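This document starts with one chain, in the form predicted alone, laid out as structure tokens.
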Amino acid sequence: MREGRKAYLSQTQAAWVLLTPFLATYALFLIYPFFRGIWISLHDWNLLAVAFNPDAKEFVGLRNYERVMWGRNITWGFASPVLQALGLLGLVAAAYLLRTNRLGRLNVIALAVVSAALVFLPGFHPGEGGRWYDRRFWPTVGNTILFVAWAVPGVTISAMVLAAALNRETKAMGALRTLFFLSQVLSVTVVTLIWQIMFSPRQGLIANVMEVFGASPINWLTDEKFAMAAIVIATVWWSLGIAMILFLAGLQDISKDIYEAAALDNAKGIKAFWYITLPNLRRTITLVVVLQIILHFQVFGQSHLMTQGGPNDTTQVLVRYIYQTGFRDSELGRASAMAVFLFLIMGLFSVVQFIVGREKS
């Protein structure tokens, strides 16, 4: 290099210089803990014992996974007729749709995989004299899936309707957008405190409204029939903000010329929403659903602060159970095995939804 000439980096070198801090941080705080968690799940790892003596852990292979997910004398049969019947109907529907080419191949595969899981997985149950090694694990998984099945459609549909209603360029609409987004910035502690007051059978707003109409107040947080619904309602209210903003961005990306052309053919209101808005929002819907699935499978604060997992474990969710197993019972190996299972189930649902959304787009 000649004296006085400045040295310049190539585009590739400049990119690596800029990416290196992010990649190092990402590897240190995400990649390394992930593989560390898998490694811990393969050990009998008592949190307190290892804290005082790092050699107290013992390699046990997949025994933690067996202790969490399996049991003694487990057999297979039609133990859950409703779920398994739905799975069989799904398999028949997938075969019919594949044969008649009424649905894309990727969508059919996704439907078949989910249906086969509904037929196969609920069929495992303890036989005569058998039992699950961990009797609380699978009911907790069921509670978590039920919560996600209620919360994700609730947030998605509510946010889409709100976004469609607020998609106007006026000062009032701008103020309302801000108002509806405000719940998103609250912490889970504040949200649960607000809704504990709302659901109070003595002084809560809902109880007072019910009394006005002559109905008896409901013990939302202590009744097994309503406790999960109470957590879902609070979660939907809390999670509306980001989903609404994403839908607003998607709506504003749709050309107004399409609506004007459709209006000439008398396609207005609900018809325009069904045939123009929804098809153009497919990618946004896929994004929102995947984000909500990942978010709500990790639900913890609502269950922990509003119901403490009760009554009778009806609102016990997987992350709270992992927390109790790891930090209350000090069984870090078992807790890590549950965390790996949670990661896999989140990934499975996200991949299925991504495949369906990609096929539609």
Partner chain sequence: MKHVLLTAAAAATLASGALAQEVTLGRFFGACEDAGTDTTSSVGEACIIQSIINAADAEIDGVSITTLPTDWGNYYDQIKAAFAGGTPPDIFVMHRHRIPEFAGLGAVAEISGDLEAVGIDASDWSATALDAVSFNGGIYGVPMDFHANLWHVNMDLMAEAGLVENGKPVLPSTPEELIAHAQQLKDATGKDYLAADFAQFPLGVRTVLALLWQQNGNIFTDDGTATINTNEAKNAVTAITQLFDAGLANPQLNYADSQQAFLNGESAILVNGTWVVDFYTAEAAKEEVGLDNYYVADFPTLFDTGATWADSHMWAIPSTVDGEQKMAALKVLAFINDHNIDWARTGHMAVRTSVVESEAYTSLPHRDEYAGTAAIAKDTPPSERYGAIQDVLNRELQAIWLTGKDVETALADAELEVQDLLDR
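Small disclaimer: the values here were computed from a predicted structure and weren't measured. Positions refer to the first chain, counted from 1.
This next part talks about the form predicted together with its partner chain, which is not shown.
Across the proposed site, R168, K268 and N280 without exception lack any heavy atom within 4.5 Å of its partner chain in the predicted complex. Residue contact with its partner chain in the predicted complex: R136 places a heavy atom within 4.5 Å of it. The closest heavy atom approach of D329 to its partner chain in the predicted complex falls within 4.5 Å. Contact between V60 and its partner chain in the predicted complex is not found at the 4.5 Å heavy atom cutoff. In the predicted complex, no heavy atom of R105 sits within 4.5 Å of its partner chain. Partner contacts here mean any heavy atom within 4.5 Å of its partner chain in the predicted complex, and among 217 to 225, 92 to 100, 145 to 153, 75 to 83 they occur only in 217 to 225. Heavy atoms closer than or equal to 4.5 Å to its partner chain in the predicted complex belong, across 32 to 58, to the residues N46, L47, L48, A49, A51, F52, ordered by sequence position.
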